Ligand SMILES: Cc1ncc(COP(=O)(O)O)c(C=O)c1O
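Next up: just one chain, as structure tokens, the form predicted alone.
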Amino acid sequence: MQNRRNWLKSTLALTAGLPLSASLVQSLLAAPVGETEKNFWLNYPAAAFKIRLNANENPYGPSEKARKAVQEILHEGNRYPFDTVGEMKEILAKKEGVTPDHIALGSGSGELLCVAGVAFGLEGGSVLSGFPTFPMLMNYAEVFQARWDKVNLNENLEFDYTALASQIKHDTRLVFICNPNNPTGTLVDPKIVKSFCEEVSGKVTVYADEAYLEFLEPHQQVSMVDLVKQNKNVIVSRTFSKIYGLAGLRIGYVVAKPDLIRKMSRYGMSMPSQTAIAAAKASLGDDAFMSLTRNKNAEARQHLTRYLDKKKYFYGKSHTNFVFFEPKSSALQIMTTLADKGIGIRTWDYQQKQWCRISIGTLDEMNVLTKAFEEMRV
């Protein structure tokens, strides 16, 4: 009973009158990111895709270990996961080298992004980020009347940390970074990112989204969690939706100083399910599955980038499971034509241009995609 009481006290937001609406979270997750997508959905309000290259999902997961864990926990489906949440925090704290009060769990990192958007958006002022990037935190902050200040990426479609630092204002409440970045897939040297975080976090809190970090080879995976251990004002978010293949089960977490965890937790209202926690536990340390996903993803991504090179498209150097490129014809036309073939992609409006983002599916799916591009002659 005490565990349940403590969990409720640390997570319920209803006392503030600001419940985190599941429908609002869902709408923000799938929100169009420009006029191109808005026009597409006007014509295809219920588009169904046989080949889903629009959500950066892992086509190979969940792993066998995760599936087995879900089956084995089903007998606990009648029980609230209060104790299980505490156990998962202990596991993640050990993994990250912190104490459990440095950890907050959410139904995917999307919920945690929204929670941060509320916590800092309510303070007024602005949230600053590079652009384009994953917009959920900033979109949610705008719901609560904060301003979103944007800094364009550099010519390589990378976060420009020098330009970003120069745009911090007296009323900047939070700086959002994403490395590798979504939607571009580009990676900035972690030394540059760490230096930025060290300097900026002395003035304003930095939120580092590391959703795609595990797509890098293990020796390249440099997290900003070390700065949390140094008591810096840095929030690091991670997810089990991507390389672990648990997008449909919804579980993610943040690592931050306990005072920042408490600040965010005031506005959280959900917790991961028994099945999500069981799958996440089983997925942690499953190096064989992660290596398989990285290798297959790299092979399928290379198929796409070779095609883009052959056709002389400009694209960001991707280190993830998606590629962002500038099409030579209408992005809306491409999106619509592919939808007619049962293939879903995303588009972005950036610097008065239309851009396409294609998630990496299986090699067979990427072959279908490039064949469709050939038939379109774009």
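Counting begins at 1, following the sequence as shown. These numbers come from a predicted model, not from an experiment.
The next section is about a form of this same protein that is not shown, the form predicted together with this ligand.
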| property | result |
| --- | --- |
| 4.5 Å heavy atom contact, residue 129 to this ligand in the predicted complex | no |
| In the predicted complex, residue 108 touching this ligand (heavy atom, 4.5 Å) | yes |
| Proximity of residue 184 to this ligand in the predicted complex, heavy atoms at 4.5 Å | no |
| Residue 250, heavy atom within 4.5 angstroms of this ligand in the predicted complex | yes |
| Proximity to this ligand in the predicted complex, single hit among 102, 301, 281, 242 (heavy atom within 4.5 Å) | 242 |
| Partner-contacting position among 115, 211, 254, 228 - heavy atom within 4.5 Å of this ligand in the predicted complex | 211 |
| Listed range touching this ligand, judged in the predicted complex by heavy atoms within 4.5 Å, from 242-250, 291-299, 144-152, 160-168 | 242-250 |
